[in-house]
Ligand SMILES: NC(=O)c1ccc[n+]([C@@H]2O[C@H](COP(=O)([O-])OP(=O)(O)OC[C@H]3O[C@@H](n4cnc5c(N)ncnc54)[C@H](O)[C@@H]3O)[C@@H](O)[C@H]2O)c1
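This document starts with one chain, in the form predicted on its own, laid out as structure tokens.
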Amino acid sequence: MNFGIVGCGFIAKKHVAAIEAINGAKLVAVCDKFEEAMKPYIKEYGVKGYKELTDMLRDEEIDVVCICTPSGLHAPIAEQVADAKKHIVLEKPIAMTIEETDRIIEATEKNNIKLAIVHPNRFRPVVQELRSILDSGALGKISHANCIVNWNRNQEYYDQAPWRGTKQYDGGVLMNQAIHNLDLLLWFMGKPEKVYSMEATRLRDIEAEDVSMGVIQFESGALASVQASTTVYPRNYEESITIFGEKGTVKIGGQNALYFEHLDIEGYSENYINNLKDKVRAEPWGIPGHQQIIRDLIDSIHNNTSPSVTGVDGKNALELVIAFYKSAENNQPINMKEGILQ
């Protein structure tokens, strides 16, 4: 399976590393408006470089295109790639609006190509273990959950490129950092029904928010609180999800939500819980998430199945972010069933 990459910024490095680690996958081309950005990949991997996407898409050797551009450019590029009959690995968020997202999904369905959205945290060992616990019903009825992303992204981070922190091309902490955790929250808790949120831009000189607080009510009746920021001094402080059930409480946490910080479940012996914690602690990152996403896409192409993280999954996470934004903007709860997120 031969890959091309559009956008040779920071995140492209993770895609290249993932492709190189997978047997049967090969990087054959890169594309960027700036030749300097492509040069390291052309030199190190001997791949072709294209300044124009239309030229790269004429390359019949390419089977899959990884889209690693600023988020605000995802939709037109994904549509173009889909129309060229190339499968797609698309960085998060899937797009910046629901209208753009629907266009992407429609283009991939029309052209019968696979679309995988990069929400790699689903593949972390501790996340997989928590999903198994939930699927087993061991926690019983879920009462509520907490989702926290208290990180640091200093002004230098945002000053790297003029699009960072803008509402049109990037978004703030919810769209850019915490969207991964919102994806996990949806994966764990089901469909959201109502959202109420407040946000602020406190410390960073950006257009979008650098801190957000919100509450979700799910269709099940369970509640969740969400706290996200990029203002923490001096480095990432906490990324965690805690789920409270009638028969157990589980918290995955640390700076990057890699470990069981609390695990107390009815019927689970102390020895079993310690073994589960040790299992995760022995290899907390597991196989890198980008590698898992790309390998999964290849499998879905060969087997004609849906990728593990589909365009609909990407849309669901985006809808939640937009609901938070609209709630904060209007200072009122948002009913997600009313179709007002367009």
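One-based numbering along the sequence shown. Keep in mind that what you see is a predicted model, and the values were worked out from it rather than measured.
The form predicted together with this ligand is left out here; the points below concern that form.
Every member of the trio Cys8, Ala37 and Val118 reaches this ligand in the predicted bound form with some non-hydrogen atom inside 4.5 Å. Proximity of Cys31 to this ligand in the predicted bound form falls within the 4.5 Å heavy atom cutoff.
In the predicted bound form, Gly49 stays away from this ligand, with no heavy atom inside 4.5 Å. The closest heavy atom approach of Ile77 to this ligand in the predicted bound form falls within 4.5 Å. Not displayed here, this ligand is approached by Cys68 to within 4.5 Å at the level of heavy atoms in the predicted bound form. Partner contact region in the predicted bound form: 160 to 168, out of 194 to 202, 222 to 230, 160 to 168, 250 to 258, criterion any non-hydrogen atom within 4.5 Å of this ligand. Site annotation in the predicted bound form: the residue of Glu91, Asp210, Glu100, Glu239 reaching within 4.5 Å of this ligand with a heavy atom is Glu91.
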